[in-house]
Structure formats: structure tokens, C-alpha cells
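Next come C-alpha cells for two forms of one protein chain, structure 1 first, structure 2 second.
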Structure 1
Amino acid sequence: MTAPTLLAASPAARTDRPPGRTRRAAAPARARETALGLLFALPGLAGLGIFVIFPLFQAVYLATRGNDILGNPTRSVGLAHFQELLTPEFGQVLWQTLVFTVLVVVPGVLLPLALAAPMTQRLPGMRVFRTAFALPFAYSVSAASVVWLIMLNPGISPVNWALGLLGVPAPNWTTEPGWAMATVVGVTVWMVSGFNLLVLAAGLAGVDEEVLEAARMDGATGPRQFVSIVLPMISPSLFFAVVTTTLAALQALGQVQIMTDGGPNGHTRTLVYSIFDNAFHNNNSNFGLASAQGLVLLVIGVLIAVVQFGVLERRVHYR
């Protein structure tokens, strides 16, 4: 039997608040519970400490080092890697990362919303639609990328075929500078739409019918009701969808690497692709520069989180 149990079993100690226990008796029990709590948290702390927190410091160290051909860190190069981040090339990478993220998040949340909203009507078949629209969520990034490459392969492409019916010539989706980014964005939107649909549909299902009825009595119907009543009520789900989609877009690698390999001519090179390219692609092994870019990614991620939680979440209504 454990010490806290013994204590609690005595009638005197059975007060509402544990601080009410006498200090002398509580101290060893509390020390024991503190130790036990630490022990329970330890596996998680160890895993994250070794593979998330420690590597952050390691990344800072690596960012100031050069490395030999095997990738082992060598002498300090000071801030040289960070200076390389001040070039127009890296500026372009950052700009493209921003463009990619915005172009993914906006339609990646609005499209599932436009699908989930009409599905709240009590009509037959809506559950089938919901499950069907969620299916892209099952795709890994490599499965989605390769399937879409086949979808856009000129010899097969149903997309090109449909455009042909409309009399529109199909572009070279992944090799034309103007189109490559749009293609990668489109595939990513397709990928995130499945999960976001589930999230938003769940949010919409939780909207209180009585509130909607009251709003209808007051003359708020249709789009007006949707914008001023429904949207605020599902704002937690919307917020969740925006945050997770932003992170997913910011961290996207597979669709860029598989579909365009950063090309044509660097036009789809994003920050994470750049990290991958510098460190691991073609045995480039420029771990210092990749680490410096990883730190930039960290700063951007934290900044976006601060903005989203600081600014956006204030407008979220939690019930």
C-alpha cells in the first residue's frame, strides 16, 4: 500500500483539500508523489529530450561548423552559414515557402468548408459523401504525389482530357515555371482537404439547432445566418483546421521532392525542400547550412504559432 493511500485512509486526513493535511505528515508523501510523477513522465521526457530538445541545441552548434566529406562537423565557420541565408536565392526560397503556405491554407480550409456546410442538411447520402470526401486523408505524401503524376501524365491524364473538352490546351503541369507551383499546391490542397473536412463536419454537427432557430425567428437566414451565427460557432474547428494546415504546408517536402524536385529551375524550392536538398540530396552533405535553415524554419514556425494563437484565437469562441 502506498503512503498517500494510508494517509487518506485515516479519517483526520480525509479533508477536501490535501494542503489541509498536517505539514509533517504530508511532506514525505508529497516528495514521493513528486518522484513518482517524474518517473511517469520520464519515458516521454526522455524521448522528446533526446530527439527533439537536445537536437535543437545540436542544430545551433552544427550551424556554426563546416563538415568533412563524411558529414562530421569540423572547424567553426562562425556565422558563414547564416550569411548564406542573406542571399537573393534564399530570399526566393522564403518567398516561395510563404506563397505555397498561403495558397494551400486558404483553399485547403475553404473547400472542405464549402463541402461540409451543405452536408449538414438532413438529406439521404450525406454520411456517404462525408466518408468519400475524407478518403484523400488516407494517402501518404508519396502515394498522393505519384498518383497525381499519373493523373497529369499526358498519355493518361483525365485532367488534360477534360480541359480538351473545354477547348483549353493543357500546360506541362510539373515542368513549366508558372505551373509547377500551382500543381504542387493543388495536390497539397487535395491531400489536406480530407482531414479538414472531417474536422469541420464535426464542428458543424455540434452547432446548436435552437440557436439557429432563434436566429431564423430574428430574420437571419441563408448566407447571413451562416456568416454571423454558424461561422462563429464553429470557430474552434476552423481555428484548428487553419493551424494544422499551416503547419502541414510549412513542413511539406514529399510532394515537392517527388513531383518537381524543386524545379523547374528552383521555382518550387521551399524551405524544407532546401533543407533536404542541402543535407541529404545527391550526397550534398552540407549539414551546417541545412541546420541554419532548420533554425530559420523553427523561428518561422514559432512566429506563425504566436500570431495564430495570439491574434486569431482571440476571435475563437469556445463554448
Structure 2
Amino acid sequence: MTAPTLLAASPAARTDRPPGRTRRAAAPARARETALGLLFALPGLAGLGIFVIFPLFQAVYLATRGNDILGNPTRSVGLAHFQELLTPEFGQVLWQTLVFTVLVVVPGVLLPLALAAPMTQRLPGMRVFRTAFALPFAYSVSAASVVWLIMLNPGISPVNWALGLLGVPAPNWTTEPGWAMATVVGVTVWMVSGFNLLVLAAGLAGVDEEVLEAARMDGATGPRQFVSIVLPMISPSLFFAVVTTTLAALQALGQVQIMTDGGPNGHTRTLVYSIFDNAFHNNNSNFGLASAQGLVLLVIGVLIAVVQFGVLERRVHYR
């Protein structure tokens, strides 16, 4: 390559171009990149608008409207539907939703963690146990609810039969106020445990053996090693399990409707079930009140997300 050619190809030579000509040449390229970016983002923006933004505005609109017997919105009622929520009955619904969520999330994460820890050991038969304990993940909500209704049916219940062998009187699992919530909570924990077991087992399988060996050489063994070394290393999986289990508990509907229908006397009536009851159950078609309750659920979900991502995530160690 000759000296004039090298001079022309050098950066110094390129910077000798007039600034106006360079900007005019780059403008069409930036316009094409912008148009291409908008084209790729268009499906996502359309989905966000159709499935998130539009339902949100629809809920706000319906929450401020009365409706006829068919549920069609009629006159404006302002904040009357929100004032209907200022009752002890709705406070009881919120309290039962909180109790249900806590009782599902805590054992729904700790129980799979306790099962996943020994299952990661290379012992004979562990694959069979892992598959058996993860099997509830394959059940639909309807199927799991019907299975457990049969398991707890007073006439044919094997659980009641086993309790009878031990001399323990069997309760009415779904009709006694003190046991109905515990039964629905237990079935929900059983359903979420399979998924959480897979997530936490995958996290435990990814723990570096060299790190564990170094910890053992430093004297960290047993529970100390698990708490100080293993838990921080699987904290992303643990955080994911906590978030998804919280969402599953807040959105639980099928098991409540099938097993107790919100009873007895409203003792298993959660917020999502109350929304369903006002909007669709027995042709109530009270979409205004249901929309107001749905907005309350949205606010609760946002507050929980702020706490989880603002507080808990700070303790997560991403590698």
C-alpha cells in the first residue's frame, strides 16, 4: 500500500471530512436503526397495551360505574364501590388473604429446601425420590383439588383411616371453620412444593464443589457450611422461589372454589375468591365492586413486590 493510500485510510484522514457531510451520512443510518428497533419492540408494546394497560384502564372505569343486572356499566357512582370495601367483612377477607399467603409461602419454600438438600447427594434411588416429590408440579389445580377432596372424604378417606388406627379422631377437613383454611393451605403447599423442589435442587446442583471443599478445610461443616456457604450461593434460586410462591398464593382461586367454595361461613374467602364471587359466581355480575377489589389486589401486589425487590433482593448474591 502506498503512502498516499495509507494517509487516506488513516483515522486522521477520516476526521478531515467536513463535519456537516459526516452528520448527513450518519443520519439515515440512525433513522434506520431507530425504525428497526421500533419494529422489533412493536409486538411487545402491543402485548403490553392489550393485556396490561387496557385491562388496567378498564378496571378503573368499571370501578367507578354501576351496572345493570347483566353487568353492563351504567351510571357513574364515583368512589362508591371503594367505600363499600370499608367494612369489617372486607377487612376479614384481607386478613385471611394475608394468613393464607404467609402459611403457603413459608412452608412452600422451606419444605422443598429441606427435601432438595439430601436429594442432591449421589445416593442410589435419589432420582426416583426426586421425581416422586416433584410430581405435584404436573397436577392442574382442578385435578389436585379433586384428588385431595377424595383423600379427605369422610366416607372413603385413607387419611381418616390412618388417624383412626392411631386413635385420633378425624376432623371434618373442609366443613369445620378451624380446619378448612388449614386444608386449603396444605393442598396449596403440596402443589407449589414440586416446582420449588425443582428450582432449589437445580440451585444446589450448581454449587461449586471446590468452594465447599475450601470451606471444609477452613472448618465450616454441617449446618454452619449450609447457612454460611450454601444458602448465599443458592440465594437467587431461593429468591425466585419466594417471589413465584407469593404470586401463586395471592392468585389462588381454583382450590378455594373447588374444596370449600369460600366457606364455611366465609372462613376461606380470600381476596381473589371474593373478586370471582362478585363478578362471576351465581351470575352476580357486580363488575364494579369486583374491579374495585381487583385494584386493591393490584396495590397489595405492588407493595409486596417493592418489599421483595427492595429488601430481600439486596441479600441475593448473583455470581
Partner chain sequence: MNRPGPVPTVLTYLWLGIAAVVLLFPVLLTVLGGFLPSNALLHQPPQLFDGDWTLENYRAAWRQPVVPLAPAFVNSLFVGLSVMLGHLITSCLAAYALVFMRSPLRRPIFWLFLATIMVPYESIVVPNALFIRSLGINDSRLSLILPFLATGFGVFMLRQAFAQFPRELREAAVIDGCGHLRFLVTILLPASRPALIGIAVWSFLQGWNMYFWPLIISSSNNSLNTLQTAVFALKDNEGGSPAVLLAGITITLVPTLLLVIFGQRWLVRGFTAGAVK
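Definition used throughout: the rigid core is the maximal C-alpha set that superposes within 1.5 Å between two forms. Remember, it's a predicted structure, so these values are computed and weren't measured experimentally. Quick note, the numbers are simply positions in structure 1, starting from 1.
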Mapping for form predicted alone resolves to structure 2
Does superposing the core leave His281 with a CA shift of 2 Å or more between structure 1 and structure 2?
no
Superposing on the rigid core, does the Cα of Phe40 end up 2 Å or more away between structure 1 and structure 2?
yes
